[in-house]
Every structure is written in C-alpha cells, then in structure tokens.
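First comes one chain, alone, set out as structure tokens in the form predicted alone.
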Amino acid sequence: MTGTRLYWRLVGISIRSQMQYKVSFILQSLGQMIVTGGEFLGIWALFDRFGTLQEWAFHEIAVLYGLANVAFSVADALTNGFDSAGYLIRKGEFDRVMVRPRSTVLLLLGYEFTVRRIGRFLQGAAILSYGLVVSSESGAPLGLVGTAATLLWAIVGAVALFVGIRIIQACVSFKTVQSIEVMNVFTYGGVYASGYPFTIYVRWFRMLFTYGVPLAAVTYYPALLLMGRLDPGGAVRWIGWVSPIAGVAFLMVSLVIWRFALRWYSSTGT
C-alpha cells in the first residue's frame, strides 16, 4: 500500500469512528461555530461603533478574518496527531509510531482527522465569501478565475504554515514531554492577529510575523490582491501572488527539524 493510499485509509477510519456519535459531532461542530462567531461579533461591534480601522472597512477585515480561519480550520483538522504528541509521549504510545514501518509524519497526520473543525471552516468561509462579494461590487480586480486561483493558493500556503507550526510544537514536546502553551501564540494567536491588517501593528510585531513566522505572507498580502487594494506599507502589488510560497517553505523547514527532533525521543519504558 502506498503512503497516500494508507493515509486516506486512516482518514476514512477516523471519520467513520467519529460519525458513530452523530449528535456529539453536530453539537461540537455547532459549538465551534458559535465560539468563533462570537469572536467575529466582537469585530463587528468595533466597526459598528467606530466605522473604520485606519481606513480599513468592515468587509475588508472580513476577508482577512475569513481567510485565516478557513486555513487554520483545515490545518487544525489535519494535525491533531502532532497536537497530541505530548500526550502520546507521556503515555508511552509514541513507541508504536516509532516502530511501525511507515513515516512518522504520515502516521501522525492520519492519527485523527478532526471532522468537527467543519464548524469553524463553514463560519470562516461564510465571512470570507461576504467580504469578497462586497469587495467585488466595485469591480473584481482579478476576475472569477483569478480570484479562485489566488484564494486557493493563499489557503494552501496558510495551511502549510499552520501545519508547520504544529510540527514544531510536537518537536518541542520531545524535550518538555508536553506541548507548551507558548506555541499557541503562533497558532490561535496568529489566527487572531491575521484577522486585522498588519499595518496596525508595531514594527517588531510585523517583522516577526512576516519574516519569522510568515503569517502576513500567507494571509495579508494575498488578501490585498483579492480586494484589489494597495498595501499602505508600500509593498508591490504582485507580492500577493508569490508570498504564499513562504508557508510551503516554512513547512519544509519544519519537516527537517522534525527529523532531527526524533533523536531526542526517549521511551517511557511502559
């Protein structure tokens, strides 16, 4: 069996097991939608009170917020195995991953495909669609095909980035024996930060999330392109077409780090 076929077999098993409890799945999905919807409700209240944010309109923030949440929901569904690495190490269950004749990355990606993340995905997709529709009323800058291609490329780059962050979080678990909360600054905190234009942040923050953890590259610059808006910071317009590659590059680097981090693993002996 090829690696790809094995992965989809594992995903199928995971989905079938979660669908055994359909009411639980529905309630958890709705819960995610309500929680993330509450976050966006706070953004709406901000704009309802002040109108704009440094000349950024509400529908433009909707594009940024929706893009970040759609990408993160996909990455979150894919990487529950890496997010659970600390638990597997403490329980001694990571030994089973190490001795199986398959890639550890493949096995952890197939550990659990978290279907309930669809709640966050649908909520983010609805907000993103609203933002793009309102933005296109003044004339779609890329056309339908161009918008779809740019959006898909941005989501691929953002998903790759968030997956890479989760992999590095799992690498840290080999030393700390549990996932440290500081990594959530770059996952959940990164999603929240990406919901606003990066020009509102101080310089060191923009540098960190552009060149260190390239969140701006996979969300902010492609969103500018989708909306047909120039960057107030002076970046060239075409940067939105190439910047998502930074997310893919980040994932590649994280996989290299993972290979070295496996040497740190020590079995519990259970």
Partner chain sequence: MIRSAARPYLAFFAARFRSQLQYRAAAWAGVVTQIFFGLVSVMVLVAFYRAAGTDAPLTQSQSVSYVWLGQALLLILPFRLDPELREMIQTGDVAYELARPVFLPLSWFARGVADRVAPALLRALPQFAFSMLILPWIGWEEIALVPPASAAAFGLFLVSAVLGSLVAAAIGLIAAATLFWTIAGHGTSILVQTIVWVLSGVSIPLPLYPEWFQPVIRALPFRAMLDTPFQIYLGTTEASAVGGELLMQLFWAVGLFVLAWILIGRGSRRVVVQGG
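A quick note: this is a predicted structure, and the numbers were derived from the prediction, not measured. Numbering follows the first chain given and starts at 1.
Below: the form predicted together with the partner chain, not depicted.
No residue in the set L122, Y130 and R229 has a non-hydrogen atom no more than 4.5 Å from the partner chain in the predicted bound form.
The partner is absent here, but in the predicted bound form a heavy atom of A193, alone among I167, A75, L108, A193, sits within 4.5 Å of the partner chain.
Using a 4.5 Å cutoff between non-hydrogen atoms, G42 counts as a contact of the partner chain in the predicted bound form. In the predicted bound form, at least one heavy atom of F47 sits within 4.5 Å of the partner chain. Residue contact check for V236: none of its heavy atoms lie within 4.5 Å of the partner chain in the predicted bound form.
Though the partner is left out of this view, G189 does reach within 4.5 Å of the partner chain in the predicted bound form, counting heavy atoms only. Note on the interface: of 66 to 74, 218 to 226, 239 to 247, 53 to 61, the segment with non-hydrogen atoms within 4.5 angstroms of the partner chain in the predicted bound form is 53 to 61.
Residues are counted as partner-facing when one of their heavy atoms sits within 4.5 Å of the partner chain in the predicted bound form; in 196 to 220 these are Y196, I200, Y201, V202, W204, F205, F209, in sequence order.
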